[in-house]
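What follows is one chain in structure tokens, specifically the form predicted on its own.
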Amino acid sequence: MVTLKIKRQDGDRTWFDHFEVEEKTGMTVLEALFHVQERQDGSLCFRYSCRGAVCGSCAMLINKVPRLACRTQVANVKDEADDEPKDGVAAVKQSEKDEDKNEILIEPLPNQKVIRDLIVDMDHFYSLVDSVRPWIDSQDREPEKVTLMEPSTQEQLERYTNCILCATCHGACPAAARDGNYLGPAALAKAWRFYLDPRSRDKDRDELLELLDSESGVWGCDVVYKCVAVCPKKVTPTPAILELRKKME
């Protein structure tokens, strides 16, 4: 058996509930949550969709580390020590997790408003990403020919197009925790992706750098690489932020 210690929230009231779940081989944290919802407490709220680490909907804090519940194996986290990060994954902060083994602490993703239980309001996160204008503006021009892209550029872009907007990076970010206006790792990585894109115009690149040149932009980053450590798709926001800083110097 494994115990899920789940943080619950309904309005201003918060508390923790404990649920015993029979562990099965290959069981994920998301499957354990389904077990609770279907057999023990139907009022438990959490978000999910694809169950395949593609949509990013099931991002939550598991043993104080932002992760996707659908790809987190119960066996790997049920007896996880809380004093040191594992597998290069940096904890947001040290927890007061019980010393008992076979317990998994599950909480909503940090740095976002909780709607209920493990569901957070993603509107602010999406608005931050939208604010960097993550698209190619071609309204006033028609392409005259096919835009060729160097393989090295394509490789750089793919590193950032893999982002699924799950917000685990935002939940791990200390700058986002202290500054609600901070654009955050996902938005800044997206900005770098479009800065690199050969279809972007110099004028758009200049406007983008001007937009990001602030303490709520690239200069707010603490460069602690927590966003890189927790990303389930191996996107690397911190190096992107450092590259953007170089363009401004």
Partner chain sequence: MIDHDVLVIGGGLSGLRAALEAKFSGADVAIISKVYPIRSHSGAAQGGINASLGSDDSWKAHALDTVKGSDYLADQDTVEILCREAPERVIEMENWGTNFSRKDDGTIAQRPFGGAGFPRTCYAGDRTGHNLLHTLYEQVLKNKIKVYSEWLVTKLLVENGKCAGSVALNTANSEMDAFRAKATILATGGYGRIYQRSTNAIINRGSGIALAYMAGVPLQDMEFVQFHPTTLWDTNILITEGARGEGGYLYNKDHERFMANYAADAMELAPRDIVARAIQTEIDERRGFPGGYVQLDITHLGKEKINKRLPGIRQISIDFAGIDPVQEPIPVQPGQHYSMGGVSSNKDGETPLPGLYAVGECACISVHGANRLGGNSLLDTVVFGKRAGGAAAEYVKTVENQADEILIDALKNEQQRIEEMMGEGGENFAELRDELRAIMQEYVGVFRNREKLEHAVEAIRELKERGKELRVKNNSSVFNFELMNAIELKGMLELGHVIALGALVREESRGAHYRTDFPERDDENWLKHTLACFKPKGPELDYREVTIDRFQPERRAY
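Predicted, not measured: the structure shown is a model, and the values here were computed from it. Numbering follows the first chain given and starts at 1.
As for the form predicted in complex with the partner chain, it is not shown, yet the points below apply to it.
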**Study point:** Per-stretch contact check against the partner chain in the predicted bound form, the hit in 205-213, 219-227, 176-184, 189-197 (non-hydrogen atom, 4.5 angstroms)
**Key:** 189-197
Review point. Does residue 166 make contact with the partner chain in the predicted bound form, using a 4.5 Å heavy atom cut-off?
Key: yes
Review point. Within a 4.5 Å heavy atom cut-off, is residue 154 in contact with the partner chain in the predicted bound form?
Key: yes
Exercise for review: With heavy atoms only and a cut-off of 4.5 Å, decide whether residue 13 touches the partner chain in the predicted bound form.
Suggested key: no
Review point. Would residue 115 count as a contact of the partner chain in the predicted bound form, using a 4.5 angstroms cut-off between non-hydrogen atoms?
Key: yes
Review point. In the predicted bound form, which residues of 49-68 put a heavy atom within 4.5 Å of the partner chain?
Key: 49, 50, 51, 52, 53, 54, 55, 56, 57
